[in-house]
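Alright, here's a single protein chain in two forms, structure 1 and structure 2, each given by itself as structure tokens.
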Structure 1
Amino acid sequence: MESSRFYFFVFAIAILASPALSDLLLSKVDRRIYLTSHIVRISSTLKVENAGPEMVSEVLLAFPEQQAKNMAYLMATPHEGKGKVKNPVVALPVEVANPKDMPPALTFFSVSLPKGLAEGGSFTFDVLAVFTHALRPIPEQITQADIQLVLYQDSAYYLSPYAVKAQSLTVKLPDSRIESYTKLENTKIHGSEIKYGPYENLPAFSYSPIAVHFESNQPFAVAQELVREIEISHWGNVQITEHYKLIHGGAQSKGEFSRLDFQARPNVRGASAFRYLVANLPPRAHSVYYRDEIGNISTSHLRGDSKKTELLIEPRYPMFGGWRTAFTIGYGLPLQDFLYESEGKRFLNITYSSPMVELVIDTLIVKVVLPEGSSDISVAAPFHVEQWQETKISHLDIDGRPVIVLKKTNVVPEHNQYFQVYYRFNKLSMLREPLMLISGFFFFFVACIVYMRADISISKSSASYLAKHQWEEVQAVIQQVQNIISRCLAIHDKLEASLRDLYRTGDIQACKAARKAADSVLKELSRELKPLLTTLQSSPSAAQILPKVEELVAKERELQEKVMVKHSTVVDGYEKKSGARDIENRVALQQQKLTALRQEVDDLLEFIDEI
């Protein structure tokens, strides 16, 4: 508070030392300050008179430098008295002015009058000034259970470079709960209104600081950044996508948060928090969605009529002072409601700002995505914006879509006015994407037909095909050799089984019959094996594996001979009536050799099978 008083003291000295401008005077000033939300609006009705001989065509408006920094919107319009038919509002031109010999603590704007004001003439007009971040939370930090108190500072006198004959000020508050306010002469309070004045015959640059400290639990919703993308499709739709980075701009929350207390008594244990936001969408909005990084947020309600579509959204948690959230809103609009054609050019006519109610936007970026092939692009906006062009590559694009980017800072709901984007577009360009799809599917099916009907196998006369074919023949022959060897081993097993039966039954004739049958089969298998070996020996592809195959055949023949010798020895012993122990001793060494040979044959079969 002490720094504020010092600021006002220095400011008062500066303006009191400033000279008056021209012979204009303000015969009546009626000023109204609306503090019902965190956006401060000052509406002033000024009646200006020319007391000098020279023609006057403009009127200067003065604002303190600190107040001018927070100014988001300024508009002047001719005043229409009560009872008169309301005509469409035509704003008067307002520009920044730099009059000479004025202190730097003041910022001036000039309002151009509809026609020159002659001596003795008068003109009445209204001025609307909108300010953001003009309410300062006092205290700056509060707990969940505290109410939010804010401070507003201004002047009871209208600050003007002209003398003022009569003036009054009305301060409108959210409710009647006022912590404190500056009391001056002719100060009255009526419920939620504080009235100062009337004051008469005040000189130029009169200034009387006032401060109002009051309760305000209105949503201090501030979008630190909003990226709004408007994508035009000539197939009948305008798609709007809005990315919000939101913060509660009121008193910072301190201490712990209790959701139980908040849900039990939200108006007491969370009076300063806001739980929902309202967006007024165009009347025929469709395909509306609301989501954040986690996914879709179901706590939203949509209702509409012929005039508007109202979207009520709730964040995932109540927003206390300093808390942040980020989310995205998207919806579609009928193209015919916003796209028009004039003088061979098409133009988009749509609102610039956010549809959110009472939202302050620190930085607003609007991206208008035009169809690919658009040219001769221009923008008409009702206020100054930064502008540049980008390119967006989307599905089925070749060169990309031109994107007009419009950027503005310190945006308030009054900026939600219509702007236009003009461009030329050839109707034949609309056929580009369908033709690309048709061509893509056509060539795809042609490729499928060619693939199914064409012979893409390797030529039978090529070296690679012949080598592959020869190797396949070698593999087939080796498989037959393996089968024959396996059958031979099976016969060996049958002979061993006949010997076991001999030990058990003593039937020599049955054992000889098994031997005779085995000899017959083994001879047949030997005849089948000879041409196979000849084939492998004549094939160059079998050069690497042939030694192993020949070794396998040799080992099998040696094994076959050993099996026959063992079989003959055992049968002879039984015929000579030798004892069982004597027979076993005679064939023990032979059995050891048989076991080793059988293992070698099995190893060779496994090795060849792996190859």
Structure 2
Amino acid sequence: MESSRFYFFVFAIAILASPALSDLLLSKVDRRIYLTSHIVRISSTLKVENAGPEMVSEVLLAFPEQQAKNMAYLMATPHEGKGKVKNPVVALPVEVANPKDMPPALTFFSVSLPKGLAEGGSFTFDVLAVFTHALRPIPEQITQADIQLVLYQDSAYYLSPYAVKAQSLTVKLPDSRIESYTKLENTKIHGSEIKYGPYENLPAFSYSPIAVHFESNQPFAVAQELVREIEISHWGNVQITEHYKLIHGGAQSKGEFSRLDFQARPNVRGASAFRYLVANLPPRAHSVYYRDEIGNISTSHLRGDSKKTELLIEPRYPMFGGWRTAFTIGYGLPLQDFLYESEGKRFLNITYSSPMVELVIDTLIVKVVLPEGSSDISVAAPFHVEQWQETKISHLDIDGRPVIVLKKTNVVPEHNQYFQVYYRFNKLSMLREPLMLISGFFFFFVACIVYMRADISISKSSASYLAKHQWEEVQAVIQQVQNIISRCLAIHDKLEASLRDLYRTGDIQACKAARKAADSVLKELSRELKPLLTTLQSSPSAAQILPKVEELVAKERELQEKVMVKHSTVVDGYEKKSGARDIENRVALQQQKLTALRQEVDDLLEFIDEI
């Protein structure tokens, strides 16, 4: 019934249409309709001729409203004959046109020709139109075992405001299983191709509806929404995160889903389902992840070479008609592949759309997150996009990063073109975040130091506080005492060393000099020790430790005396030129006592240290 209405509507156009717009005519039209995936591509080669006297620089293309609504992409390029070296083609500018006296049910686009066509001149160009949602599943609901049949409707004749001299149409199908198709004169079927035409000398607005009903088990992957976030870090990474909301846009599945059948014969019981998607990521993509709201999805495979990185992802479950899924993929790209500098500005040059193969995107939102402190931002996109700015607060940001949001509806793989974001960014701003971290830690440590050193007691007169204070003083004094004692011990060592020198060299004078120096220093030290001991004696909190300290001092003094005695004995012995053995014998007993004393002093020192 839908199609009959369509018939009627086309018929109405044909009646209402004014005869011809200008004196242009299409001398040859070749149309090829590719129905091999769920994205319908119509590629037409048009040869226009100017039959009138005026110069013409624009050609109108007409599409019925039905088709125009689904049109995602339209591009016209000058036709190049076969065999020529393919130069980079420059697309002809295409605009929406609203010519007068035209039926309202048609949408027009005007193609500007590179140079005006004079009388009799001709020009050949290609038009590629891409449509989404143009295949309608019939029946609309199928079971797991059914195959998916879809219907495509168009006209056998090229719908044009100009008369067409000669034309032909080829419809390419995914395979040769065709349920039904409209048979007109000159219809040929050849494998998976249906050919209509050639038809000759048809007036403007000729229309002859055709419908092809065929089997298509291609993945009808439709992303209802895709949010793509491109985050630039000047530390060398472009991080891309893509959030997909996916649906199988084909015939709805009904009835049971049997895993048993699906596992046993997936191609028969589940032919219309798709199990995986392929994404062609840029080369050198790294840290790829694939997850959804509830965690990582472990079914994905990554293959990479120098040209591209291929990511094959399987949704958590096979996608039957009408089933939905949502997931996120993310990957990092090296910055130098995408960020360039020109005229003091930096610009990001990256593809706009999703890397997924044959994916229709109903709404695509691209967010470009620039580093904090970027300014003077502008965007250059190859097609019209809605755009606005946001800010995003990420790690260690103070006032957020500027985000450029670009929104476009009805996106097909043909939109995967490069776009540019220009901005200014000072390299020094890169250091902001590390400096923040460093200063954060610095202040933390400073706070710790202040806390450890500062006296934050509230009541300075409380007993416990005073006791603690006194104890600290005592400790400081004991520290000093220990210092002095250890210096004394060091001097003893020096004396011993001088004795050893004496054994070796026999230089009595040097030994005596050392003795003299030691004497004076020791005297000095004992003078220093005296006030310390009196403070300790006067302090009540030192009462516990005082005996030990006093013992230490006494022992040290004893040790000192013994060392002196030994020293004098040895020096005397040398002066009297006694034999070494003799001296040693005399010293031996002293030496034993010395060692014992030294041990005791060390023990005491250790003991005091442990308090």
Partner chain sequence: MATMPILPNMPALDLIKSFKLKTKQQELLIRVSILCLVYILAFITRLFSVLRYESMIHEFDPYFNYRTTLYLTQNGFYDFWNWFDYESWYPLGRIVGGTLYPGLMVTAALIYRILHFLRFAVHIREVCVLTAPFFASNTTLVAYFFGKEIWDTGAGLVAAILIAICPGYISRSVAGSYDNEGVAIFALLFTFYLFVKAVNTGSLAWSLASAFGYFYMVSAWGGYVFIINLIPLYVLVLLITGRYSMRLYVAYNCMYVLGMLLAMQIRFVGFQHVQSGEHMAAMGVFFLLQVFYFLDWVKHMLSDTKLFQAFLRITVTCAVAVGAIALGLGMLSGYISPWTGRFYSLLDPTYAKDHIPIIASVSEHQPTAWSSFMFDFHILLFLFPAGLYFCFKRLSDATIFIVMYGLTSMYFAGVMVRLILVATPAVCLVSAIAVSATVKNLTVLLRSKNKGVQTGSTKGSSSSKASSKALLDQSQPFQKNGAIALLFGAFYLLSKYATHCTWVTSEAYSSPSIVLAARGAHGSRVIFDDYREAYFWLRQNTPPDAKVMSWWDYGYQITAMGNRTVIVDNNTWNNTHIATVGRAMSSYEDEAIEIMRSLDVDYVLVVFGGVTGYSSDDINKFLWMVRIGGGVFPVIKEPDYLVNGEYRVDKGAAPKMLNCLMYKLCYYRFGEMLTEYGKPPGYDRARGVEIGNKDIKLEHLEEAFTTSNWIVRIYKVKPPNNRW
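These numbers were taken from a predicted model, which means no experiment stands behind them. Just so we're on the same page, rigid core means the largest C-alpha set that superposes within 1.5 Å between forms. Please note that residue numbering is based on structure 1, beginning with 1 at the start of its sequence.
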Form selected (criterion: the form predicted in complex with its partner chain) | 2
Core-aligned CA displacement of Ile485 at least 2 Å between structures 1 and 2 | yes
Cα displacement of Tyr34 between structures 1 and 2 reaching 2 Å, rigid core superposed = no
Honestly, after the rigid core fit, is Lys367 moving at least 2 Å at Cα between structures 1 and 2?
-> no
Distance the CA of Leu502 travels between structures 1 and 2 [rigid core superposed, Å] = 83.1
